[in-house]
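So this first bit is one chain, no partners, the form predicted alone, shown in structure tokens.
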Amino acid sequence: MEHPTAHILFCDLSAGACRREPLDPELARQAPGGRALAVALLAARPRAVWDAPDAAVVLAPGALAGFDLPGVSFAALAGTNPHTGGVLTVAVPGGLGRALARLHLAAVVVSGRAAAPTALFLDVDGARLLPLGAAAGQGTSAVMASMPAHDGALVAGPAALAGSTLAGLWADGLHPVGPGGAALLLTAKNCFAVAVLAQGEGPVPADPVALAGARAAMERLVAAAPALAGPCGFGRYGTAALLDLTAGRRMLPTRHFRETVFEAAGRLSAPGLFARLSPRAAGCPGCPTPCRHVTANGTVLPDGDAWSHLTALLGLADPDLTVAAYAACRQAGLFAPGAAALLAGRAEAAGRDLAPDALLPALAALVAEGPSVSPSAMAVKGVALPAFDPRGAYGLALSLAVGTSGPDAWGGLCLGHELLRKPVATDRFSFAGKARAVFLGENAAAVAASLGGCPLYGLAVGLEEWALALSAARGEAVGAAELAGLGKRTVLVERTINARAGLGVADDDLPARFFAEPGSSGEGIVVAPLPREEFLAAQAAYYRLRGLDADGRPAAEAAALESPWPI
């Protein structure tokens, strides 16, 4: 069959011109879409600093994003990491990926720099560059409102206009797209929004009956996953539901990671907040467990990382203030967890918690600081750590350290077996077997991101189900092992891009605090400092599994053998 998304759109914003080219069939076979295709296209280009006009930003829908599969509408965005000079790949939720796929686009490659703030708009008539004028500095809602009718949109805000490395993107006005700095990839090109209107049928699967079977299998697994569809799962309370879990496991980052238990956590439970605000659910197209929630007045409630870091990490316990702070971040285009981590570090340096009435002014000041903002001290590869203390889950600690784009709590799928005990529980205070778990988890996560899957659905949907769906779409058998190879190649290409930028073993490490200071022990749970030697041994074992040398760089032989892509 023809690849469901068979063209690449190249947009040169300096020239104001776009051209559409067929996707190479062999590349489509080896890198079918999403993250795999985005990094393959990025790796094939000459190296460039992130804000150079010739630097490319690639937006690629997952290979299955155009089909009606549960939780499968994501795109991937890839470019040069403003923090490291290596690779930055991020998942883009919402309707953008599905709309791109239904325009039969496998990727959009943006280069150059527009003369004035611009939006890129795509529909069946082609691509148009729309002048944004003053809307570019007025907040993400103003940018969204200036867009023509669309099925999916990705926008930046005033923080990106100011050049802040804390600037994130917002998808469809609902979903934060981070980490901080992700928005700079687009705004360095004077592009503050990408919006897509599909107005057409999706791609036709080669075997509709088989695809329906794959869809049914995925739906059953999602419905049977308590973390997704259970009464306290993400479909009910969003990822903010995880705060109760991290508090109970004594791994809730508190007061800039000095503690792992927050005395006021009981006031911050998602069920309590939802009972008071009665929000409605919202989410990605066709998602059976929508994880975003919006109040009657249109306020978007915080996701789990933001909810945790805007409260416990700052030593604050006012839910209403947290909702207001998140709304301010959304309008400014600040990535809330990164902004909170930076303020928590400043509070520690000052020797006192941030006063509640100082939070909103401090967030506004961060926007005004622009590019002069220094990264948080509790970061990996310049990206603030998410809302899980590494001392409370050792596999998670390793995955946060070795993530190619920075720490991603869902990147190694360790939250499943270490916290949620799915598919089976593992000892969260041990590094035994965790290098292999992270290796396999990263491969599986890269597969899902290449096919358009929601990262959270890694708790339910495995390689077997992805193989069934891709086989049905293509009309040719694809096995789980073949997909695992796709995930492995994807991470290897990202590692190669990082190595070319000079990243090595020192960049695959955690802040020293986690190896020197304990967390908050109690109630029969001992939260000791991470054992340094065991961490380094697990890191070395992970490198061996990945085919990396002792400095964390792909061996030339491994790169040549494992990657067919032009790297």
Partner chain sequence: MADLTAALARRFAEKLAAAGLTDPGAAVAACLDDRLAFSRPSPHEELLAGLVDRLGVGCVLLAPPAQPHRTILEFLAGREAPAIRPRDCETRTFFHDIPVIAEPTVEAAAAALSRRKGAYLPGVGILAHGALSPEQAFVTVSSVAFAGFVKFFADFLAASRAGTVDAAYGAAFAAACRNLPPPPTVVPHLARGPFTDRDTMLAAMAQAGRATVELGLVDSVFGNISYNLDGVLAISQTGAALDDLPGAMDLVPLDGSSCAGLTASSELAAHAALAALDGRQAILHGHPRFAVIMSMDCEDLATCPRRERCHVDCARERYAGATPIVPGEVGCGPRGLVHTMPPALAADGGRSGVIVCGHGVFTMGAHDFGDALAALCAIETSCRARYFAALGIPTETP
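Positions refer to the first chain, counted from 1. Just so you know, these numbers come straight off a predicted model, no measurement behind them.
There is also a form predicted in complex with its partner chain; it is not shown, and the following applies to it.
Engineer: May I ask you to choose, among V300, L129, A379, L468, the residue with a heavy atom within 4.5 Å of its partner chain in the predicted complex?
Structural biologist: Filtering the options by heavy-atom distance leaves L468.
Engineer: Only one of R474, R258, K422, R428 gets a heavy atom within 4.5 Å of its partner chain in the predicted complex. Which one?
Structural biologist: Of the listed residues, the single hit is K422.
Engineer: In terms of non-hydrogen atoms within 4.5 angstroms, which of the given stretches 228-236, 319-327, 335-343, 71-79 touches its partner chain in the predicted complex?
Structural biologist: Contact criterion met by 228-236 only.
Engineer: Is R544 close enough to its partner chain in the predicted complex to count, meaning some heavy atom within 4.5 Å?
Structural biologist: Yes, R544 sits close enough to its partner chain in the predicted complex that at least one of its heavy atoms falls within 4.5 Å.
Engineer: Applying a 4.5 Å heavy atom distance criterion, does S269 contact its partner chain in the predicted complex?
Structural biologist: Close contact exists here: in the predicted complex, S269 approaches its partner chain to within 4.5 Å, heavy atoms only.
Engineer: Report whether the minimum heavy atom distance between V209 and its partner chain in the predicted complex is within 4.5 Å.
Structural biologist: Residue-level check for V209: no, no contact with its partner chain.
Engineer: Can R280 be called a contact residue for its partner chain in the predicted complex at 4.5 Å between heavy atoms?
Structural biologist: R280: no contact with its partner chain in the predicted complex.
Engineer: Even though its partner chain is not shown here, does it sit in the predicted complex so that A241, L245 and L440 each have a heavy atom within 4.5 Å?
Structural biologist: Answer is yes for this spot.
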